[in-house]
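Quick heads-up: it's one chain on its own, the form predicted alone, in structure tokens.
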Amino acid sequence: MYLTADAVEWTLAQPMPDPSIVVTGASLTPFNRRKDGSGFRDWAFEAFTSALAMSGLVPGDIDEMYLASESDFFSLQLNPASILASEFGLHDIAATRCEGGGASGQIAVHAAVRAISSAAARHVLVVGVDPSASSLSGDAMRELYGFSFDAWTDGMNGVTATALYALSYLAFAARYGTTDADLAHVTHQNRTNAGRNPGAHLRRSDSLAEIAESPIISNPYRRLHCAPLSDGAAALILSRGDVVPPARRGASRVAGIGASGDHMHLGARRDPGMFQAKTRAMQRACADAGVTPDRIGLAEVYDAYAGAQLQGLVGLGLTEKPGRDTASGVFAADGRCPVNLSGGLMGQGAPVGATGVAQTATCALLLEGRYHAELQPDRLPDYALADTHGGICTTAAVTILQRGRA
């Protein structure tokens, strides 16, 4: 079969699909410890319906769904993606679960981006949810998180996540000269931001003295240097640029994604203090977006511990002087590149599967000027960064968003 000249001319005259990927819907529930009898299905449904309302779409428009959920132990539900698709009334679409520890949410975002880029879908729902605070006891959670590293060498020998993070940070601190005062600055900044976030788990502003005097958990980490485990959900709807509803055509878009991995065991790494997987993930995202790290105007950085934020800032290429730049206000709410305006994991909270989805939703809302009034910057930057990792940066995934144009 051959095309006629008229058919070729008609084909060439047709507009090409817009390859951009737009955040048409973004929502997150409050993060906290739920004591009201609600469960993960309730929180996920709340986030989904809110994101759907923002998008201007209807359930029948959704082509695929990706769910981020770290552990079946938390929800006591195998195959949660299919369960939630049924709860949402999405009975005839592919529903896939994504899991990569703390990076689960960003991995789900990346899967949605690839589905749209491959022309497999036009509108994709991403949901992140975990009952990380209310389902199990603190001791059970600590044991499970030991199994999230190497269960044979770490978890079954009683090694905790805090201890492994502390070992990695000590190697980093020896190289960069960061101090306990720097850990306190990170903690104080993130918790202060959380105090202005009505949806944050820890709406408190711990003083530098309170931080310095809180109990040691694993040297140098004190209790207030650590993020709380939380309950909650977040949702995104990503859409191909040429099918975005008219009211959302000026919304922020996904500019670039990147992911990488590293050795599971700290002792096998060339430099246990450096988040090299994060560096590679950021390099790939920047190449995808066509930008350099200095173009990032705000960032949500994975801060399971205060030192992990300092390590992340270096790994992402946002600074070579993490202690100095943190103390001088470069990453403060009114700084050159505000970091964790939400309060981060340390203040907003950490329902693990929801974390990366919530970061991306937060960045999208900030770029649109739709975030909480007390935290919304007066100047809207062109680019924002959502950063997560699983393990001690064993799995890293980052997303760069670009401010939309009306």
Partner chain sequence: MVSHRLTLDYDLHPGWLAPFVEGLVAGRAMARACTACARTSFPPQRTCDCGETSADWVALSGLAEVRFRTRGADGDFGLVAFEGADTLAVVALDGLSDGAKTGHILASGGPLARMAVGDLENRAAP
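Positions refer to the first chain, counted from 1. Worth saying up front: this structure is predicted, and the values here are computed from it rather than measured.
Not on display, but discussed next: the form predicted in complex with its partner chain.
> When you measure heavy atoms, are T179, S205 and A212 every one within 4.5 angstroms of its partner chain in the predicted bound form?
No residue of the spot touches its partner chain in the predicted bound form.
> Counting only non-hydrogen atoms, which stretch in 228-236, 259-267, 332-340, 279-287 is within 4.5 Å of its partner chain in the predicted bound form?
One stretch meets the cut-off, namely 259-267.
> Any of the heavy atoms of T319 lying within 4.5 Å of its partner chain in the predicted bound form?
Contact check for T319: no, nothing within 4.5 Å of its partner chain in the predicted bound form.
> Taking its partner chain as it sits in the predicted bound form, is E99 near enough to touch it, meaning that at least one heavy atom pair lies within 4.5 angstroms?
Flag for E99 set to no.
> Since only the chain is shown here, I'm wondering whether S218 would be in contact with its partner chain in the predicted bound form (any heavy atom pair within 4.5 Å).
Because a heavy atom of S218 falls inside 4.5 Å of its partner chain in the predicted bound form, the answer is yes.
> Residue-level question: is R142 within 4.5 Å of its partner chain in the predicted bound form, judged on heavy atoms?
Contact check for R142: yes, within 4.5 Å of its partner chain in the predicted bound form.
> Would you mind picking the one in S71, N197, S148, T162 that has a heavy atom within 4.5 Å of its partner chain in the predicted bound form?
Result of the distance check: T162.
> Check each of A171, V243, I93, I83 and return the one that places a heavy atom within 4.5 angstroms of its partner chain in the predicted bound form.
Comparing distances to its partner chain in the predicted bound form, the residue within 4.5 Å is A171.
> Since the partner is left out here, which residues of 74-94 would have a heavy atom within 4.5 Å of its partner chain in the predicted bound form?
Contacts from 74-94: just L76.
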